Every structure is written in C-alpha cells, then in structure tokens.
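Below sits a lone chain in structure tokens, taken as the form predicted alone.
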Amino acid sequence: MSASTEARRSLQQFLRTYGVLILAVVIECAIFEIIARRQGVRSFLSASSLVNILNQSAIYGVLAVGMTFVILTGGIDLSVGSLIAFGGVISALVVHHGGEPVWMWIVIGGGVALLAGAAAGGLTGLLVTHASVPPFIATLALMSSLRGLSYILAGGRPIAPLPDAYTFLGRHRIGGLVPVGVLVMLSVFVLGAVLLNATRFGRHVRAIGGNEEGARLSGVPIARTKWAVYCMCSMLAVLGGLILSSKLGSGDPKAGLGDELGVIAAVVVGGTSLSGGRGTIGGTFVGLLIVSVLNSGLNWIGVESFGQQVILGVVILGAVLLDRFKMHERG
C-alpha cells in the first residue's frame, strides 16, 4: 500500500470520527464572528481571543480527560467541582502557612493536594466497586462532603494573600503568549490519549463500559480498573483546582460550583456515550472546544449568564438524544 493511499485512508477515518464535531466548531465561530461584526465589537476570531478561549477552557479540559475515562466505564463523577475547591484550598493553606523558599512550599502544597485528591477518588472507587454504591450516589455524597470540608478548612473565606510565585500556573504565559495552563491541558490530553489507545489499561476501560460481564469473563480486573479510573479523575480535578487557584491567587472554597455540568457537557458533546464503552479523547477535546466557543461567544455578543445556562442545557440534551439515536440505529 502506497504512502498516499495510507494517508488518504487516515484522513477519511479522521473525518468520519471528528468531521461533524469540527464542522460544529467552525459554524459556531463563523456565527459569532458575523454577529460581533454587526454589533460593532472586536473580532471574535482574533488570535488573542482564540488564545483566551483556550486559556479559559484549560481547567475544564484537564477535568474532561478524567471524566472521559469515568464515563467510558459506564460511571459518572459529580464531585469534580468540589474537588476543584478542595485542591485549591489545601494547596493555598500549605503555601499560606509555609515559609521560604516559596517554590518549595508551592510544590509541597500541590503534592499534598494531589494526594488528597487521590485519596478522595480512592474512596469513591471503593464505594463503587466493593460497597456496590451507584456512582451517582457515591460522587454526589462526596461532592457535598468535600464542599463542606473546603469551607471548614478555609474558615468560610478565600485563603489569601499568597506569594506572587503562586500564580505561575494560572497566569504566566510562555513567551508572553501561550498560557502555562493551556500547555498543562494539552499535555494531559496527549497523555490521556496514549493511555486510552495504546495501553492495556485503556483497553480494559473500554471493555468494562462495553460489556462488564463479558470483560469479567475475559479476565479484566474490573474492581482495580474502576478504582484507578476514579483516582485518576479526582487527581485531575485537583490539578484543575490548582490551575484555578493559581489564576485567582487564592484558595476559594466557592470555586468550581456547578463546573461538573460544563465538564460532563464537553465529554458528552464530544461523542462519549453515557452508557459507556464508546468515546475518544480527541472527541472530548473537540467537544471542549464546542462548549468553550459557545460560552465565550455568548459572552462576546452580550448574552446574559442565565440565558447561557439554558442554551448549554439544550446542547447537552441534544447530544444525549443524538447518542440514543445512534444506539438505536446500531441495535
């Protein structure tokens, strides 16, 4: 087979998988650009605005990778918004009460927060796999508990002031252009794609979501794989919390309220089935772009926040109905 034939088949496969999603992003951008020009505001498609869209979506993007793995197993994680606050509060507490050198305490604070996130995810995994608690209930309970614990640890108010170096992850730009948070997000997406597509663990995740009983009979370690997935999702949620805390320059117990909705939206719009077993990291990335461009574009043309929530809900419902329609066709 010639190189050109192979390249053409690869392109056809890419377009079959992501073509409709990419077209949706293009249409969104075109619509918002036209409206922006008619309203006489700045161009929506300027380089600075596109970089800002990526920067604003960095936190959702990091969380969406972990959520993709969870949903692929047929589960859900509603605690990610609370984990954003929990991770930021823990990190800020450590740094606030630390000393010199500042960078050492920032690293320690981030490490402690990630370990706490792993512990929270491990608890969720144990409840789901060994206590047979439905993921919805287990993560709903964790969502409430971690939010309350964040308020207790922070004394009900943001933890500040913090040293200027603390804002590196959320505010610094490489070369004055590319935000560090965006680079972190892209790295997480690349690692997530490799983990899902090129490792035994990724194959186990898909197998569990596709047919858990069949996977068990094939020797897939169901409990261990699910436990690892929830640990990973929680740690990535904490990483997102560290980025947000760094961007805010404080540890805010109110951070991340309702963010689980946007994260789930990005994953579902990107083609991951809520029934499990079907989905890609690439699809999640394009789904993230669809949701981020939608939110940014609505802000750009002056749509108020309540209207944005209505539109986002309609988009999520449409994505779920489309997934059900596809399942019906396959069945």
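Numbering starts at 1 and follows the sequence shown. Since this is a predicted model, take the numbers as computed values, not measurements.
Heads up, the form predicted in complex with a further copy of the same chain isn't pictured, but that's what we're talking about next.
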property	result
Residue contact check: residue 30 to a further copy of the same chain in the model of the complex, 4.5 Å heavy atom	no
a further copy of the same chain contact in the model of the complex: residue 316, any heavy atom under 4.5 Å	yes
Partner proximity in the model of the complex: residue 17 to a further copy of the same chain, non-hydrogen atom cutoff 4.5 Å	no
4.5 angstroms heavy atom contact with a further copy of the same chain in the model of the complex for residue 290	no
Contacting member of 190, 118, 104, 137, with respect to a further copy of the same chain in the model of the complex [4.5 Å, heavy atom]	137
Contact residue in the model of the complex, from 169, 94, 143, 114 (heavy atom within 4.5 Å of a further copy of the same chain)	143
Contact stretch among 128-136, 180-188, 105-113, 231-239 - heavy atom within 4.5 Å of a further copy of the same chain in the model of the complex	128-136
Partner contacts in the model of the complex for 146-180 (non-hydrogen atom within 4.5 angstroms of a further copy of the same chain)	147, 148, 149, 151, 152, 156
Outcome for the Cα pair residue 33, residue 316 in the model of the complex, compared with this form (closer or farther; change of 3 Å or more)	closer
Cα-Cα shift for residue 226 and residue 319, closer or farther in the model of the complex, minimum 3 Å	farther
